[in-house]
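Only one chain is included here, represented as structure tokens and corresponding to the form predicted on its own.
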């Protein structure tokens, strides 16, 4: 029971990060019908740029949490600018092209961002300072750290704020109208190009937040960290129903829990043949199962109409 609860806590932490990244995938797909495979690299840029800003700010005398908050805000600005630029330069010219062209472009942008990050930050793994408290708390025989508590709380607040923005504001109505039918939304006075750019900007801000949280959780950051994380978040989006915001949240949390429980028990189930380092297998196994038996995901797929 202790192992089960511990893995559940670990899975909830991991799933919160997956959900934040999956929201970026699902927002873009819902409004453009495009899988933005460069989104994982935006997460990586957020993690590494926040580390750079944080190291600069350490000499200012600010306490660790404020250093992290300031670094996060600066990294979010970098990622929002990057997301806006990617949409304008790489995706907007291909808005009316066949679906294959934007997909290949997204993969190309992903590779370009990886190489640029390698040139700027190098190939090495970077250690992330412990800017957050390092306390540990016991709960029914399991334990969780302050960092894990912050990750779950910040992710939950961010997702709740996004849902309020999309469902309760005028801007959110315009975004939903664009996702429903861009042509008709444009006839009703909605600036659809602006809404598309806004989706990329918001998704990139969430990516920066996810990058900061995942690097704080594991204590490292490197130029290739966004690739597998992006694929897992894409799996989470598909699991919940890509294009569906609630589905991305549910899919992210479920995938994190499935992966953590699998990592905790795979050794016992296989007689020690496989260890916890095979946990990545579970994410892609889930992806295969969902695509075969329920391609629309748990909560259903939503995508913009194309006219």
Partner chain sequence: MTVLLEAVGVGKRFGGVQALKDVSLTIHAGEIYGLIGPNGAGKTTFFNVLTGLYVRDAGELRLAGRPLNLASPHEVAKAGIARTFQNIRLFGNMTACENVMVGRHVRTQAGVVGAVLRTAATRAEEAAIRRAAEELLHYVGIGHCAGTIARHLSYGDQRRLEIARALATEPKLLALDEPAAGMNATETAALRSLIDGLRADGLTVLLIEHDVKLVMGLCDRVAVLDDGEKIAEDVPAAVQANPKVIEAYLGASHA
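Numbering follows the first chain given and starts at 1. Every value quoted in this text rests on a predicted model; they were computed, and no experiment measured them.
The following text describes the form predicted in complex with its partner chain, which does not appear among the structures shown.
Visitor: Would residue 168 count as touching its partner chain in the predicted complex under a 4.5 Å heavy atom rule?
Guide: Taking the distances in the predicted complex, the answer for residue 168 is yes, it comes within 4.5 Å of its partner chain.
Visitor: Counting only non-hydrogen atoms and a 4.5 angstroms cut-off, does residue 122 reach its partner chain in the predicted complex?
Guide: Output for residue 122 is no: heavy atoms all beyond 4.5 Å of its partner chain.
Visitor: May I ask you to state whether residue 156 is within 4.5 Å of its partner chain in the predicted complex, using heavy atom distances?
Guide: No, residue 156 sits far enough from its partner chain in the predicted complex that none of its heavy atoms falls within 4.5 Å.
Visitor: Would residue 137 show up as a contact with its partner chain in the predicted complex if we use heavy atoms at 4.5 Å?
Guide: Answer no; every heavy atom of residue 137 is more than 4.5 Å from its partner chain in the predicted complex.
Visitor: Which among 140-148, 171-179, 208-216, 82-90 is in contact with its partner chain in the predicted complex, heavy atoms within 4.5 angstroms?
Guide: This holds for exactly one stretch, 171-179.
Visitor: Does every residue of 48, 62 and 66 put a non-hydrogen atom within 4.5 angstroms of its partner chain in the predicted complex?
Guide: The answer is no; none of 48, 62 and 66 reaches its partner chain.
Visitor: Given that its partner chain is left out here, which of 198, 152, 113, 94 has a heavy atom within 4.5 Å of it in the predicted complex?
Guide: When its partner chain is considered in the predicted complex, the option within 4.5 Å is 198.
Visitor: To verify the annotation, which of these, 118, 160, 184, 101, has a non-hydrogen atom within 4.5 Å of its partner chain in the predicted complex?
Guide: The residue from 118, 160, 184, 101 that makes the contact is 184.
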